[in-house]
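In the block that follows, a single chain appears as structure tokens, in the form predicted alone.
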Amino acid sequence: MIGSTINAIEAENISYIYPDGTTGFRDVSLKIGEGERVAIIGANGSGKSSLLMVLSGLLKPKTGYVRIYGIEPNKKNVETIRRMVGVVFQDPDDFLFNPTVRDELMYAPLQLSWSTEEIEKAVKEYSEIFNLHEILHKPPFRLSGGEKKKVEIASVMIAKPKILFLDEPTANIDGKAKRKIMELLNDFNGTLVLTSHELEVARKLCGKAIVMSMDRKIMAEGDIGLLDDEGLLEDAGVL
């Protein structure tokens, strides 16, 4: 089991079935300790993205339960969970919907009822961190792939989540944007859970690994050194 003194995330016997009957994943139990950085690795179709969404509370498991800092996500505590959790989707177009980049950065703080002064200070800070000054006035749909990804991550991190979930955070972006995102994620001071098909990204950002099998179960979990086991990765369909 992956765990530490305080569990940021605990899942017991969870499975997920999509509305069309397709299995997302099945029979997963795990614990992720506060401050741990965990990579979920697997081939396409192994269920890693579905697992990430259930662990974050965005999807409800078909069986079992998920607890985030001891709280089982439901409609009554959605605001509490939202204040603790940030989710970065694989495709920024699934996330970005506001008229301008500035509006995207302001959205989460507004939902959390921050003061105008707090919001302006945070927008200035994260514009500088992510180098977004020159595109604040632009509509997100007019940005490059790398710019969209930076705006998406900035819009999530600006709310200072305790747990950051990222689905393929460096997919389909150029080298310069990728290096910047890696640098920023390395500096994130919280619990981090990500999926990635890029083993080097997982090695650099995480200390623990979960390997999913093609039958959508956890195949192995432990230290990030698991990713050096070529036989394991071949069996999982990753190599």
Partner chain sequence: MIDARIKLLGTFLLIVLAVSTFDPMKVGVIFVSSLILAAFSRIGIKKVLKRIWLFTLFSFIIVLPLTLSFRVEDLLYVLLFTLRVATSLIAIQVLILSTPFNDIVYAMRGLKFPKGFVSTLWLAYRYIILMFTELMRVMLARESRRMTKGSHMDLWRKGGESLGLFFIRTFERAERVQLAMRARGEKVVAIKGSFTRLDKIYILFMAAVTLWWMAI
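Numbering follows the first chain given and starts at 1. Keep in mind that what you see is a predicted model, and the values were worked out from it rather than measured.
Below, we turn to the form predicted in complex with the partner chain, even though it does not appear here.
A.B. asks: Among 25-33, 170-178, 206-214, 51-59, which stretch has residues whose heavy atoms lie within 4.5 Å of the partner chain in the model of the complex?
C.D. replies: Within 4.5 Å of the partner lies stretch 51-59.
A.B. asks: So in the model of the complex, is the partner chain close enough to D91 to count as touching (4.5 Å, heavy atoms)?
C.D. replies: Contact with the partner chain, yes.
A.B. asks: Taking heavy atoms and a 4.5 Å cut-off, does K121 contact the partner chain in the model of the complex?
C.D. replies: Result no; K121 lies far from the partner chain in the model of the complex.
A.B. asks: Should L132 be counted as a contact of the partner chain in the model of the complex, where contact means heavy atoms within 4.5 Å?
C.D. replies: L132 lies outside the contact set for the partner chain.
A.B. asks: Is it the case that Q111, even though its partner is missing from this view, gets within 4.5 Å of the partner chain in the model of the complex, heavy atoms only?
C.D. replies: Looking in the model of the complex, residue contacts with the partner chain include Q111, since a heavy atom lies within 4.5 Å.
A.B. asks: Within 4.5 Å of the partner chain in the model of the complex, counting any non-hydrogen atom, which residues from 97-129 show up?
C.D. replies: Residues within 4.5 Å: F97, N98, E104, Y107, A108, Q111, L112.
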